[in-house]
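Heads up, the chain below is alone and in the form predicted alone; it's given as structure tokens.
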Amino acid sequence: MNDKKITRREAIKKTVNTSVAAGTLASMPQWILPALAQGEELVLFTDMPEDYSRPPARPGAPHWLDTRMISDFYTDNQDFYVVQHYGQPEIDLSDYTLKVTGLVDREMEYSLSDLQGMNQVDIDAGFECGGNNTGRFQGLIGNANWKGVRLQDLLNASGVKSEGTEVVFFGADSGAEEIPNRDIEVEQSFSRSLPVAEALREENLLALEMNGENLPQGHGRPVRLLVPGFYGVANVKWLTQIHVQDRRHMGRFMGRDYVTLKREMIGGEERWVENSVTRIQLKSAVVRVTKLGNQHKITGFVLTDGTPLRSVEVKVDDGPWQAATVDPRSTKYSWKLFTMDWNPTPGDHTLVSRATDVNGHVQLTAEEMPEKASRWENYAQFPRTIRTS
């Protein structure tokens, strides 16, 4: 017997490498799913086009998962979803600096080697794009192990002044923004912010590694912010500056875009209310069904803002809600993969899942969702249709 110990990095790489590369997945017959038991088949959803496919991952391009292909706890770095708004800047790693500025006792500047030499911690965290939806069958999603430096350590080293209320994070990616009612454009960097108390959470990282490897280019090389429990837009990539200020940050992606506009009752009056897309809303979705002989297995995922789950349930047609089994590898901020065995009768069926957290909050149905005028935060129950033989 080989008693050689396997490091955490090796274990993670072994897990993610069991997936087939994204380009190969795209060319495989859709009824075959990698990493399944011998003879196990993918049962096609009837709510998806028979020829549904997504393009393979390409450098510099957006990317999303075919969620039917989720077969591992960790999403392969090549297949983790990618969204960017100003392109993917190439940063000279030898000349990289991260600045901490503003309302701090000591403004600081760090090279990449400085950050690599600091105390490193890791965390499992999964998240989705704030605009993830049924149109891509929930494909703007992923789960990974992230390793880096605690944001808290850098803020404490600089000393946040008492008048500092907001921490702004600037990326190296930038683009021209047209000014309304003016015939001019200005160059703006991608940026997001957190209240000081949120920024000082010990789980927030400046991530340098993803699944045991240096951060890939499409995911923010060499450094990205990771805010576990928040939508992907909060996790600023290609991070170059952390700035503490005494007012709310109103950059495009904080105050104008990634803003949910929904109808609410405010003090007895019906109002349209805006809020920045921040914490992940309680959500689950059925993403695949497989068949081995006459036995079927329903698989899906749950995302939360870190609030523990009470239960995940699946309903078939008009039957009762049935408890699903959650992957024991799930952690506070990871996605929670779930499965449920199913012995269907032949014919057409509707499947839907719902998650309930420890506070008794139940994932909403589409009818219960607040009326929205914007496309962000899509967390309603997601019914799927399927035909069994």
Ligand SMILES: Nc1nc2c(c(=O)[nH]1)N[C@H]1C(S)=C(S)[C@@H](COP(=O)(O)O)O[C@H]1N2
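Throughout, we count residues from 1 along the sequence that is shown. Being a predicted model, the structure only gives us computed values, none of them experimental.
A second form of this protein, the form predicted together with this ligand, is not displayed here; the remarks below concern that form.
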query	finding
4.5 angstroms heavy atom contact with this ligand in the model of the complex for residue 291	no
In the model of the complex, residue 85 touching this ligand (heavy atom, 4.5 Å)	yes
Proximity of residue 129 to this ligand in the model of the complex, heavy atoms at 4.5 Å	yes
Residue contact check: residue 235 to this ligand in the model of the complex, 4.5 Å heavy atom	yes
Listed residue that, although this ligand is not shown, lies within 4.5 Å of it in the model of the complex (heavy atoms), from 74, 190, 301, 230	190
Heavy atom within 4.5 Å of this ligand in the model of the complex - residue from 124, 209, 313, 173	173
Full three-residue contact with this ligand in the model of the complex, heavy atom 4.5 Å, for 218, 224 and 258	yes
Region of this chain that lies against this ligand in the model of the complex, out of 279 to 287, 74 to 82, 314 to 322, 109 to 117 [heavy atom, 4.5 Å]	74 to 82
